[in-house]
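Considered here are two forms of the same protein chain, supplied as structure tokens in two stand-alone entries, structure 1 and structure 2.
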Structure 1
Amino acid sequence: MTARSVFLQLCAAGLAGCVLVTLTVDLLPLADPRAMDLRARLQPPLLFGGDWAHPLGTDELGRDILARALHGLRLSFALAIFGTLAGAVLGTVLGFLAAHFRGLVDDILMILIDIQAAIPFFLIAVIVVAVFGASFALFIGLMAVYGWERYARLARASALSAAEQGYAEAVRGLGAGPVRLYARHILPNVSSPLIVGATLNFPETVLLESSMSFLGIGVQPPMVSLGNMVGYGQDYLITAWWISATPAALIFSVTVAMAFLGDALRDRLDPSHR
């Protein structure tokens, strides 16, 4: 067993543990992430002189860092998962529509893709949040819009390739309608690249949400996000570094692990990378 395979197994185990924790965080014996106790404010982690009541310390309002970090991880995971899935569905459907109708529909789709590629998406997200306000549904929509164009390009290219190879016309000749053609015959051929794209898009989505929350335009209190935890702790980096260090370490670990697993999955599923 190589060092790379061991590292990938550790990444997979760590992500599985994160998913398990996010699903069962309400059942764990944790403190209330929103409960304030000014008498216990700025307590250090257990290994740096703290106590078992707050093993990772407390923040400036006496809130438990461990409980807040795990609840923030759940929120970041939920936004990233729903946003990635929504983006994959939206992009795939639009790509198939462009390949099916071609002409004006195809031209409009390519123009939209070029526009999004030309404008930094973070700027678009900031403007949208400033106009419509921050909400969970809005953030899922932003996460979906963030990655839809890569799925649209892939789905469109696969559908056009199927048309050139002739089997799409053969299926139509047997009486299959457009929905059956794309869902039963073209989509399975593009499912592997779509899965790989989703695994690579997931860490980018986590970083996007964390960056927006860090700047104060993302998830708003009383909801807890890893990004806004890092933002709240930046004023205490010298005196209470653990406020930012714990959520920052979680963001780093999750994104790196998912990026390496996505890269390994691409090597396994994509023949051009073998």
Structure 2
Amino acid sequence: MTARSVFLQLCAAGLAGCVLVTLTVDLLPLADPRAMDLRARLQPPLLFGGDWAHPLGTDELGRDILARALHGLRLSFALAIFGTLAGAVLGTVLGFLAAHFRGLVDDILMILIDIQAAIPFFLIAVIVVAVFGASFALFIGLMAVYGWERYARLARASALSAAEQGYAEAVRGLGAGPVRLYARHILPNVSSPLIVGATLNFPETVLLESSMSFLGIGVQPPMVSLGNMVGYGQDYLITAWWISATPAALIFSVTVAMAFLGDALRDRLDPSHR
């Protein structure tokens, strides 16, 4: 076993551990992430003079950092999974529509895809929040739209080539309508590139969520996200560095582990990259 594969397995094990913790976070013996204790404000972590009551310290309102970080991680994962799936569904449907109707529908969609690909989604999200004001529903909607253009491009190309193949013709000849053709026959045949695309897109969705929450235009208090913990802890960098550093370190570990695994996945699927 090479050092590289050991490292990748460590990344996978760490991520699996994170997923396990987020699934069981309510069962763990943790403090209430929203419970304030003004007598225990700004307590340092264990190794820096803290005590076992708050292993990773407390924030400016005396809330337990460990509990908040794990709840934040859970919300980040949940939002990213939702955002990835919703974007995949939206993009795939649009891609299939373009492939089915071709002509003008296809042209318009391709132009929209090009425009979306040229402008970073983060900028669009910031502008939309500025116009409508920050709200959780809007944030969820933005997360759902994110990444649609990649799936749309992929689904359109796959559906165009699948429609040329014999089985699509046969299903059509047997009298199936377009919905049945695309949902029951073409989708299963083109799903693997879409699933790979979704896997590679997941870390970027985490990035979008945490960056917006950091700026204060994503997850709003009292909900906890790793991004907004870093953002609100920024004011205490000098007196209580752990408020920001703990969630920042967690985001760093998770995104880097996902990046290395995503890279390995890409290498395996496309040997020419190696």
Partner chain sequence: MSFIVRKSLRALFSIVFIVTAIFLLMRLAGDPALAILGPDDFPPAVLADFRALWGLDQPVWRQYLDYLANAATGHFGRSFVDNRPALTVVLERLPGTLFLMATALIITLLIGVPAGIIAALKRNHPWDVAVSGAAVIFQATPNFVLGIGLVLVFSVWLRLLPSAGTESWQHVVLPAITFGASNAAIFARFVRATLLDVLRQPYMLAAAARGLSPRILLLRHALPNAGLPLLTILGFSLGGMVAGSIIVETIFAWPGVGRLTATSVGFRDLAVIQVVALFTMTAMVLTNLAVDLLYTVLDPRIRLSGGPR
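All residue numbers here follow the sequence of structure 1, with the first residue given the number 1. Here, rigid core means the biggest group of C-alpha atoms that superpose within 1.5 Å across both forms. Keep in mind the model is a prediction, meaning the values are calculated, not measured.
Chemist: Of these two, which one is the form predicted on its own?
Modeler: Form predicted on its own: structure 1.
Chemist: Aligned on the rigid core, do the two forms place the Cα of I140 2 Å or more apart, comparing between the two structures?
Modeler: It does, since the I140 C-alpha is displaced 2 Å or more between the two structures after the core fit.
Chemist: Give me the angle, in whole degrees, that the smaller rigid part turns through against the larger one between the two structures.
Modeler: Rigid-part rotation, C-alpha based: 13 degrees.
Chemist: Supposing the core is put in the same place in both forms, how far has the CA of S192 shifted between the two structures, in Å?
Modeler: Its alpha carbon moves by 3.3 Å.
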